[in-house]
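Just the one chain here, laid out as structure tokens, in the form predicted alone.
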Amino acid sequence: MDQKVIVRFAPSPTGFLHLGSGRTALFNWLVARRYGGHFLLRVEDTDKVRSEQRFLDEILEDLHWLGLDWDGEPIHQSHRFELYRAKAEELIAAGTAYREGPAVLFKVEPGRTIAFEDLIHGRIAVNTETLKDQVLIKSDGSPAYNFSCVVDDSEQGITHIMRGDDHISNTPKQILFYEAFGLIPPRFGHMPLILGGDGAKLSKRHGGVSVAEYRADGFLPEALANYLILLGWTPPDEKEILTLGEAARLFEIDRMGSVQAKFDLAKLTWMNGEYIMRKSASELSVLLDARLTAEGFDIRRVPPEKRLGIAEAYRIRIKTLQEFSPLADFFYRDDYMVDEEGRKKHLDPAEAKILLGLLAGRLEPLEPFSHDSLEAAVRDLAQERGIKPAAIIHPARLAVSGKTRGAGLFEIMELLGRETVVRRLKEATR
């Protein structure tokens, strides 16, 4: 691009960061980083009743979590009311705006066509007959959204505005204000909104609607960011798994789609699992430790080297961090969840208790207490009893972990260690 690109993301701190808003922030960041420009942050907090610091704090935290950084300090519209009023006075003096009590309105000239070339949709035209006079300053002294946007975008030197389709109706109104000030409007690109899989507006029934919800549900930021940018943009090689850095190098606005994108939780979950699998055991262990600690587990019960082994064993078995503790709580506490159907099927029969007692006796002196020797001990016992190894493996898995699925039994036993395994096997015989 010939000019220095300056884009902005302008959240309103009246609620949490919606997935759609998170996607808007990501695309603005991509535009700035791809074209060597600036990504600015503006806090649209003109609604003093509904705006709260806690929402702003969470929005900024979620943006950082997604991997985004911005240039310079955010500006707050609530600190700029005098500027908006002064700009409205300029238009009154020019004869293009008028007072109506304490409010200020902009005169919309009838019979005009306002057209602009949208970066995503192409030419969009609106006749001013469909527009009424526009409020610049409300009767309470606060600025109207469209007016404050134009004042701030022009003062910040914004060159490109990337936002959702729901803002298309605002653009002709804003262009009128740019013209009234003798300014050239920025380029506008309106992204189709995210829909649920059923084609309806994204809502709770499709899954979470805020970035914070997916964060709490154990999704990784790089996976969520990756998925969101694919809802509206196709990489040149159609690669699905790519980092933000890779996306920034490949990004071109003209590859953005004009069709509404459907949010697919199953696809996001798959992608998250791919990112988990690609992490090293040490990287994943750090994430799991933090997750377990937040859930009330005492991770100090398990030595760091064993926690690495656990992360490696479950790296390919979980799709989200949230799935980990229900599968692996038995490593960190003795009051772990037990599959009741599995208990009835594999632990309650008298023969199962006999086998577990015999297995405990075999494992107590076993050296080394390793995957291969554990497997050999189980298979030897099964051969001596004339039964299939599964007749021992299933009860043993329930006895030491309470689960019917997860990592392999011999991996689990080696990680738990001799003392815990033997004790749990003996307890299961009672």
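Worth saying up front: this structure is predicted, and the values here are computed from it rather than measured. The first residue of the shown sequence is 1; numbering continues from there.
The same protein also has a form predicted in complex with a small molecule, omitted here; what follows describes it.
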Since exactly one of Cys149, Leu202, Ala311, Ile137 fits, which has a heavy atom within 4.5 Å of the small molecule in the predicted bound form? Cys149
Using a 4.5 Å cut on heavy atoms, which of Glu44, Glu375, Glu364, Glu61 is close to the small molecule in the predicted bound form? Glu44
Okay, which stretch from 163-171, 263-271, 278-286, 244-252 lines the small molecule in the predicted bound form, with non-hydrogen atoms inside 4.5 Å? 163-171
Would Ala10 count as touching the small molecule in the predicted bound form under a 4.5 Å heavy atom rule? yes
Contact between Tyr145 and the small molecule in the predicted bound form at 4.5 Å, heavy atoms? yes
